[in-house]
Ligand SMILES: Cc1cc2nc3c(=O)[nH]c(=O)nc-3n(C[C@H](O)[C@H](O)[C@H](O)COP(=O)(O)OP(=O)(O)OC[C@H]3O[C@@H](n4cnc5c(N)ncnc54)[C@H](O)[C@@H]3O)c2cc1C
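Quick setup: one chain, the form predicted alone, written in structure tokens, and binding and motion questions come after.
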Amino acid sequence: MKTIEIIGGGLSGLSLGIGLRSRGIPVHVREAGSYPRHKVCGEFICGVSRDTLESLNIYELFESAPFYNKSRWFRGNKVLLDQDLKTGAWGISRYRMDDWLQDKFKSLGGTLTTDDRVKAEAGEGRVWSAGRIPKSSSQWLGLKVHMRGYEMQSELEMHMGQGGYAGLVQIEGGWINICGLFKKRRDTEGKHSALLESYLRLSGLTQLADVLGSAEQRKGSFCAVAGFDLGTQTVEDERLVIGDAESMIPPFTGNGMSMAFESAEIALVNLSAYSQGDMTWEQCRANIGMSQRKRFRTRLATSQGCHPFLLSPTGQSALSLASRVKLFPFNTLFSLTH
């Protein structure tokens, strides 16, 4: 069988590697960083099916993770909406998740090299899952930290501000992950978690900023990421891309990590056939690309259409009015974005 080389040991890369090794296929994962590590992530996994996780042989990771069904949405400091989640979701940190996945991959005989940065170029048998495609012109900034000392008002909280929003969910160890997406601005102050507090305050999320300022914070958990665009990513060569390297959905959906696993599931079937000589590389790459576009097209289009409403006062006013008169189509939008 032909060896599969995976560039990037995040969710899509490691879960794909585990799925391939579970089928006896030789795999080499090359990761630029090391484990365990914190990453900017909502750490709220919503919409992925048990069948997908079992096909990748990773469902056991989620069996002990807290599972949630309720959400509360805020506009600024005011409650906007309470809503049950249609499918439920897991809360689990990337610190735990990535470390578990890399251990599982190695236990199955997979080859993993860390601190191994690879030039971005195509190659037969090579899968690119190294996260976002860098965009120097991006207007977005993602910030996250783990905190304790805040009493959650729902199992998931979403706080909409002016030019940004933040999600909160409790993960393992009693920690709460607070992760925000903001339009970049020049009038912020501070570094590390103080920068997140500043963005929250300038976005009108003053109560949340006060909470963060007084809460216990987990050492080393603050992360920041910039230089990315949402939606389908532009790849200028013939790389086979999966996960965030293929598309990035607006994070308010909670569907980003689910899409990483679904992307790995799509790739698993085709790469297995390629490795065993039942499919050419060109066919494999074309099938994976087409299948990802088909599966994610509707949710990407819907979520990007909704995204501006979460960031602007006019859009938030419309959402507030729709919620008050019970016309906010939460379940419909949830179905279309998951």
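From 1 onward, residues are counted along the sequence shown. If you're wondering where the values come from, they're calculated on a predicted model, not measured in any experiment.
What comes next is about the form predicted in complex with this ligand, which is not displayed.
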Contact at F44, G131 and G256 by this ligand in the predicted complex, all three, heavy atom at most 4.5 Å: yes
Stretch from 309-317, 276-284, 294-302, 36-44 whose residues place a heavy atom within 4.5 Å of this ligand in the predicted complex: 36-44
Only one of R218, R94, H159, R201 gets a heavy atom within 4.5 Å of this ligand in the predicted complex. Which one? R94
The single option of V79, V118, A122, L108 touching this ligand in the predicted complex, heavy atom within 4.5 Å: V118
If we define contact as a non-hydrogen atom of the residue within 4.5 angstroms of the partner, is G19 a contact of this ligand in the predicted complex? no
Can V225 be called a contact residue for this ligand in the predicted complex at 4.5 Å between heavy atoms? yes
L181, heavy atom within 4.5 angstroms of this ligand in the predicted complex: yes
A260, heavy atom within 4.5 angstroms of this ligand in the predicted complex: yes
Just give me the residues of 1-15, first to last, that have a heavy atom within 4.5 Å of this ligand in the predicted complex. I7, G8, G9, G10, L11, S12, G13
